[in-house]
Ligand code: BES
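Before any questions on binding or motion, here is one chain by itself as structure tokens, the form predicted on its own.
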């Protein structure tokens, strides 16, 4: 079920969420309530611990089934885009107590001229937090499932708020596609079925091309084929194009790792928590989500998305530790560990993207290493880049939307650790240190001089607890960051 968001002028409501700034500054009475009600709200606050701090909630029930829930907005002078979205996310849990599944929200004291943007961002936060994956429940009662159907935002200028919200909702639709892809079980999302998901973007105006194993062999994409050769599911390469910019202008290239399930192959992973490896195609899911967002909001920019899709399985035909493959670039790769497979498929995809499309820049996203979690935990993604200006823009986009990254080194001294004794490069080092960095250095060997950035998103793709804008599970980290990055830096006015 998709939450319905609407906007209208203030009017009496059965279930109303009223925002209150820290210090308990109630707004002046409006069409929504009278002075008598205002007095009762003040008395309720005085008899509680409610201080208006961000996220605080105070429900108040009145006669005839009317209910007002005060929600803390925090300090007025500290409000910004991210704070408003967090407030929207907090509203979702408040509104779940609505008996009808519907509720209204009213915020006052906003600086004149900012109302539409503020309300739109609160609505975005609620919209993002409302996403649930309940597809496979068969025994839960309706009341145990997510129950909010509609949130109405009361604002002096509903049309302006709706105009501000519409492009934000398009980005959210991209987020929802990515979360769905990542959450689906691995018997549902395989290379074949994920390529079909990509093809659904055609209805939004995205050009989609799916390369088969036969075509990959003809091209010489042996690094991709080697990873998938142990699986019964055929490997694919999906190419998505959004041509919203000037004709013949070089595109931006987004490349996403798409391992639909990663057992580790012959270098098999421990059984504990292996089920989490269904989200090893998050990078591909993010690229598809970004492409959907760009298409829905008719972004004036050219972007190509390239996603290699494989399943990494152990079998009699699986790739072995010790094998050597010749990649699309012509470079030979010694496979020392078949669980370091993401960098292999990205090597061919990066080379293909730059060779075919001659892009302005390349950005890849991958749940690539456990080492990045050791380094940064689950709060930030690792950012590696060969281009200072590109790294700065990506960092700033992450800060703006609350998808945080941290720059990691790419010093040449790390490069010698992946030199092979019998081939051009080996896919892992002999030691245990700097695993995320040496993985990035491996990728860099396949980028030539194209401005390039790599996100290691292993720690931020899935959350074990509810966050401000998503519940436990898939986060779709990266969709909003890249959407903002593209909008702020490359779209035509």
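Note that the structure is a prediction, hence the values are computed from the model and not measured. Numbering follows the first chain given and starts at 1.
The form predicted in complex with the named molecule is left out here; the points below concern that form.
Though the named molecule is absent from this view, in the predicted bound form it lies within 4.5 Å of a heavy atom of just one residue from 320, 356, 269, 300, which is 269.
Think of it this way: in the predicted bound form, the named molecule has a heavy atom of just one of 371, 197, 177, 94 within 4.5 Å, and the residue is 371. Put simply, residue 325 is far from the named molecule in the predicted bound form: not one heavy atom of it is within 4.5 Å. None of the heavy atoms of residue 127 is located within 4.5 Å of the named molecule in the predicted bound form. The closest non-hydrogen atom of residue 208 lies beyond 4.5 Å of the named molecule in the predicted bound form.
With a 4.5 Å cutoff on heavy atoms, residue 311 does not count as touching the named molecule in the predicted bound form; it lies far away.
With the named molecule left out of view, the stretch that reaches within 4.5 Å of it through heavy atoms in the predicted bound form is, among 220 to 228, 291 to 299, 261 to 269, 396 to 404, 261 to 269. Contacts to the named molecule in the predicted bound form (heavy atom within 4.5 Å) from stretch 385 to 405: none.
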